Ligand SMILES: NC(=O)c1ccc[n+]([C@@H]2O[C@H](COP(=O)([O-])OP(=O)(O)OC[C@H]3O[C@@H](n4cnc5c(N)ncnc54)[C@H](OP(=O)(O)O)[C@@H]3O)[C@@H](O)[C@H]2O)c1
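One chain follows as structure tokens, the form predicted on its own.
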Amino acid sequence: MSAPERPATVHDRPGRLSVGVISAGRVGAVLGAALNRAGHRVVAVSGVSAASVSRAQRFLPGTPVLPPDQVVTRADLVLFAVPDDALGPLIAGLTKAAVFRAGQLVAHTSGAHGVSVLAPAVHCGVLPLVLHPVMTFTGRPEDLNRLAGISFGVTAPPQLRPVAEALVVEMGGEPEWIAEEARPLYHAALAHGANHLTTVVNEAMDLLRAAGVTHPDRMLAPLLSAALDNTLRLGDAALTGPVVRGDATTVASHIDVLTQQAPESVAAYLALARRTADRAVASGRLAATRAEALLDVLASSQKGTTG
């Protein structure tokens, strides 16, 4: 009597890969879990800090935590999710250790780098990919579900585009192709939008607390949500407030009170107000004649901060 057939599992699907993740940071652990969920198999992960090891156990339970060179030797696809400045030296060191093999897929998640940072490994015959998720990660379980529908900034040689696209789609994302030479501008745009937004919102909450508001987050949430939604839909037509109205006196009062009570915020306020005024004029929202007094206030205040 023949043995019963083993039930098929998700890992038995054609084209499934053994995956190694370097390292189990906020991004790597989540993308590793997403690839597992898609039917690939994370066979090893690296992590040095206690937080990384804990994250690996949470997102990739049962996966061996090994040094990077051992992770590479076990995997068909090696996913590097390390800080931008660490990526190049790490690739160079692993190449020198002769752990890469021809035909192996090697991907990284850096927004700032293209495939050129993988050049040492490419000389060993690896197949290079860039899979950058356009999302902020907290290292919490909900990050995995947040991948649904997000964009990935993808760079890959033409012959590897189908592979890159398939991996992104399997993780729940949508590929957006970024040319190698455009990656610095692409990453600057994302950092300018996301990272500086966080700074501006935190500054606003600090100022509201100083003004006596008990729950600045509750006050700002509807306002900022509407501003973001309007901006994404309408562009510069969403501009509101004293700058776009050319209210020089109001802006001057803002600068005065910030100088007195939050001097560390003055330079950012001036820079953003000036850029807002420039965009308002260029888009026709603010007439140049109405902008003159406002620009004079900003210019004189700028001289005051640098004088």
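A residue's number is simply how far along the shown sequence it sits, counting from 1. As the structure is a computational prediction, the values presented were derived from the model and not from experiment.
This protein has a second form, the form predicted together with the ligand, left out of what is shown; the following refers to that one.
- Taken together, the three residues P68, V82 and T109 all come within 4.5 Å of the ligand in the model of the complex, as judged by their closest heavy atom.
- Proximity of G32 to the ligand in the model of the complex: non-hydrogen atoms within 4.5 Å are absent; the residue sits far from the partner.
- At the 4.5 Å threshold, heavy atoms of P133 reach the ligand in the model of the complex.
- The shortest heavy atom separation between G47 and the ligand in the model of the complex is within 4.5 Å.
- Interface residue remark: A273 is not counted as part of the site for the ligand in the model of the complex, having no heavy atom within 4.5 Å.
- Residues of just one listed stretch (171-179, 224-232, 208-216, 83-91) have heavy atoms within 4.5 Å of the ligand in the model of the complex: 83-91.
- Only one of the listed residues (A280, V27, L60, V251) places a non-hydrogen atom within 4.5 angstroms of the ligand in the model of the complex, and that residue is V27.
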